[in-house]
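Taking the form predicted alone, here's one chain by itself in structure tokens.
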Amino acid sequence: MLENKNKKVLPTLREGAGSLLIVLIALSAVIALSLILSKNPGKTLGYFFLGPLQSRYYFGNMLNSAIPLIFGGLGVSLAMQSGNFNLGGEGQIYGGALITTLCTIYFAPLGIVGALLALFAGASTAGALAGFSGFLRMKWNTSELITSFLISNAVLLVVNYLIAGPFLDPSTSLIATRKIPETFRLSALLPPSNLSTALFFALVAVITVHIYLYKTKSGYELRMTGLNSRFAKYGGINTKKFIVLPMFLSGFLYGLGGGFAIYGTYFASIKEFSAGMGWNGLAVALIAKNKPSAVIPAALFFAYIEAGARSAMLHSDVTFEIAAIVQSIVFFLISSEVLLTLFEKKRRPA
């Protein structure tokens, strides 16, 4: 029994050590870049590491930027636990946000019911976009990795056209839709920051996905399909179901992230407001090793990097691109780790 416990604990410790090492390398990259690029590296590093924590405004905005990353990280984690890859998060969060905005304006007379319907419509639209890639894989064995990415790129162009064209609000100087009614906006936390009660919904989503994956029969079947689809099929699991369903749920979570960004932060669909959220959600899931409970610290880490870079840009002589460089390093490291793991599995004897 002790030997079985050790077999379970050791891989978990290795995974945690791997994620911690990536974080340490990323932070080391911040220090190195500051020493190279800044004329006053001490000041730059001070604002980078302490800036996000120096006031309610900066701290609240950092937490707020983590909210869509939590939803995105959950979506990717759920898909990858089933053996699927959803690379369409950029289009799904953007498209879900637009549908949520338009439905909220249309359903305004319905009050809270209208708000829930609008949120569900936006999330379901994003889920359908991802689920379609799952359907194509189930039907013709096409790569959902490629189809989700291509569909997302097309959606980005369509949403940009709709925001800048038919649904443009002429009364604003931004390229944006009309704002949602004030009654639909979530309550603020830590004013004057942008943090809202959407944070609580993100935490509920984490708990819900964790319970689904580890406490329900459907979640168990989903994970077994991801671990070994042939074994799962021999065990009587409908593996075709767990190609489409996880992709739909993945897109649904991305769409929720877009919807809550509208309800809690932007109050309108602004052109390209969600740029980067989908890819960062993917990185969050990879750092978290596709575990819902680890998505929260991973999302906070990414939000911390962005908030620190923004603080350093405002108060020192470096640009915001320092965050993009550090995020690229994180992407490279976690992608290399994932590819190495897959390579080792292929080489491992059956």
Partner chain sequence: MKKIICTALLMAVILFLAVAAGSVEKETTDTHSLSILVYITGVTAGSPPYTALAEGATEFASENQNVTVKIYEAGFNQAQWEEQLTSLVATGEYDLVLGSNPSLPEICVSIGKKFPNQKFVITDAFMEGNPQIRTYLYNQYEQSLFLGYLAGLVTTSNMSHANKDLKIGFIAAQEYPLLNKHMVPGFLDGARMVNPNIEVDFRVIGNWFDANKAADLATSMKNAGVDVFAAIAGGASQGLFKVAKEQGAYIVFHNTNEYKSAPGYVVGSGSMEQKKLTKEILKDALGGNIEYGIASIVGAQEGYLRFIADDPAYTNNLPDSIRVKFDAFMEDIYKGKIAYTLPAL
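Keep in mind it's a predicted model, so treat the numbers as computed, not measured. Positions refer to the first chain, counted from 1.
Unshown form predicted together with the partner chain; subsequent notes refer to it.
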Thinking of the partner chain in the model of the complex, which stretch from 256-264, 98-106, 270-278, 242-250 has heavy atoms inside 4.5 Å of it? 270-278
To verify the annotation, which of these, Leu174, Ala128, Leu189, Leu117, has a non-hydrogen atom within 4.5 Å of the partner chain in the model of the complex? Leu174
Even though the partner chain is not shown here, does Leu314 get within 4.5 Å of it in the model of the complex, heavy atoms only? yes
Non-hydrogen atom contact Ser196 with the partner chain in the model of the complex at 4.5 angstroms: no
4.5 Å heavy atom contact, Pro297 and the partner chain in the model of the complex: yes
So in the model of the complex, is the partner chain close enough to Asn61 to count as touching (4.5 Å, heavy atoms)? yes
Taking heavy atoms and a 4.5 Å limit, what residues of 43-68 are near the partner chain in the model of the complex? Tyr47, Leu53, Gln54, Ser55, Arg56, Tyr57, Tyr58, Phe59, Asn61
